[in-house]
Ligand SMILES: Cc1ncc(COP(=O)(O)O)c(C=O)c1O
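Take a look at this one chain, the form predicted on its own, written out in structure tokens.
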Amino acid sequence: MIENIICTAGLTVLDTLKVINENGKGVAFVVGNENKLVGIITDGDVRRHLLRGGGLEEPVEEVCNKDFIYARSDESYGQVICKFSDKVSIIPVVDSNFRVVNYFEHRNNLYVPIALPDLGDKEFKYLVDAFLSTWISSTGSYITLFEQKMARYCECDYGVAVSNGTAALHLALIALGVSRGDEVIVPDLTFAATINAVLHANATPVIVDVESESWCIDPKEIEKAITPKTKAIIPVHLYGQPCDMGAIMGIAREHGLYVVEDCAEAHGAEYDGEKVGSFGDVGCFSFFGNKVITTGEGGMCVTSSPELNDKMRLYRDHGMSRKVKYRHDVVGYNYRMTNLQAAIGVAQVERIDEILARREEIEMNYRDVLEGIDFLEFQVGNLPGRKKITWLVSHMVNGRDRGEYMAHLKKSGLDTRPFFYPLSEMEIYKRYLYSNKNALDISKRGICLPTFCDLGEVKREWFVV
């Protein structure tokens, strides 16, 4: 909507930056008396203004570009197209009184990235508040608030914010006492952070196969792989799909094993009506830029155990005593999150339901538009007891060369991503293999599609070959 791109000349640079951030176009049209266009300002203009020593409270009229390109409403399409260049991709359209009535956007080469963060006015407001508070490191009110809100959302008692998702997994294993001589069961189809965390803890990973339907770790394979050395299981809720936590927790109880849930790709997913992350001893989340909610980099451990909460906080903060400053009780790590990151995280978790709803809408749109293309098989979304969420819209290509198909999509301007390589196919992890039949097959056929809240219309012709 054109209203989202217009700001009045009396606004401050800070308020104008909020308009730019909210509309997602990277630009605002500045209007003065009688709503006549007086200038254009981009996010790059604001950045250059600040680097020159300018302030955020200055009127935007004094900062905006008054030598700008525009189009008149009576100009032809051909006349307007000629006004675009590599540096100009969006221009205002004005009427005979120089009032903005529309805008024209043009890109020579369509490019749809695989993921973009969904950041709005609330994130910007909280971030600026944290910045102005001067509490910009690992102490500040937003860290505590983010931990509380995320734990509550996951139906847990405690949250421990950390620097990234890998740190969350490692911290959980260390707090549980996993160490040299212990075995930890992990799925073959997952991002390498899952197995790396086990190796960082000096334990031995045991790679097992996944279910053919859910793509998640197979409880039957877990049970087969258990030995007297097995100490923990890391189920990964892959591509937004919850694992069979009922079966996994039953196995863990029977054999006295710890469970660390890897929820990096499944914020808000549920099993039997309960949030993932709340089943195991610890649930671990990533807030990397392509995740459902983000803090840029960042992670979180959630738990309902007061003992594990205390241990994870101790190890996260250099092993320093929480009672006597600069006294170290254990050899710890610097796995802390900054207050600036947490400020963004607070806004994100406050908006998580609307973000998840929008991502589900995007997946439904893909499914509707691509219905009937027989070589595409979408991720299963209705397994008994499991409520998946949309992280990256995922499907498998059947009877076609995946590489050639991805090349075709790239020519259409779509950035795609193949499924993770099975851990067992990488030289550094092969020695830890137990089983991998389904993982090998799924990995070779899977593709992730662009999934982000500002994604526009999906066109069927992009996919038809």
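In this text, residue numbers run from 1 along the sequence as written. Small disclaimer: the values here were computed from a predicted structure and weren't measured.
If you look for the form predicted together with this ligand, you will not find it shown, but the lines that follow are about it.
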Considering non-hydrogen atoms and a 4.5 Å limit, does this ligand approach Lys291 in the predicted bound form?
yes
Any of the heavy atoms of Ser138 lying within 4.5 Å of this ligand in the predicted bound form?
no
Determine whether any heavy atom of Asn164 comes within 4.5 Å of a heavy atom of this ligand in the predicted bound form, and answer yes or no.
yes
Within a 4.5 Å heavy atom cut-off, is Asp262 in contact with this ligand in the predicted bound form?
yes
Which of 346-354, 262-270, 152-160, 225-233 sits within 4.5 Å of this ligand in the predicted bound form, heavy atom basis
262-270
Listed residue that, although this ligand is not shown, lies within 4.5 Å of it in the predicted bound form (heavy atoms), from Thr303, Thr390, Thr338, Thr190
Thr190
Note which of Pro205, Gly240, Gly298, Pro92 lies within 4.5 Å of this ligand in the predicted bound form, where distance is taken over heavy atoms; exactly one does.
Gly298
In the predicted bound form, do Leu169, Thr194 and Ser286 all reach within 4.5 Å of this ligand through at least one heavy atom apiece?
yes
Partner contacts in the predicted bound form for 436-463 (non-hydrogen atom within 4.5 angstroms of this ligand)
none
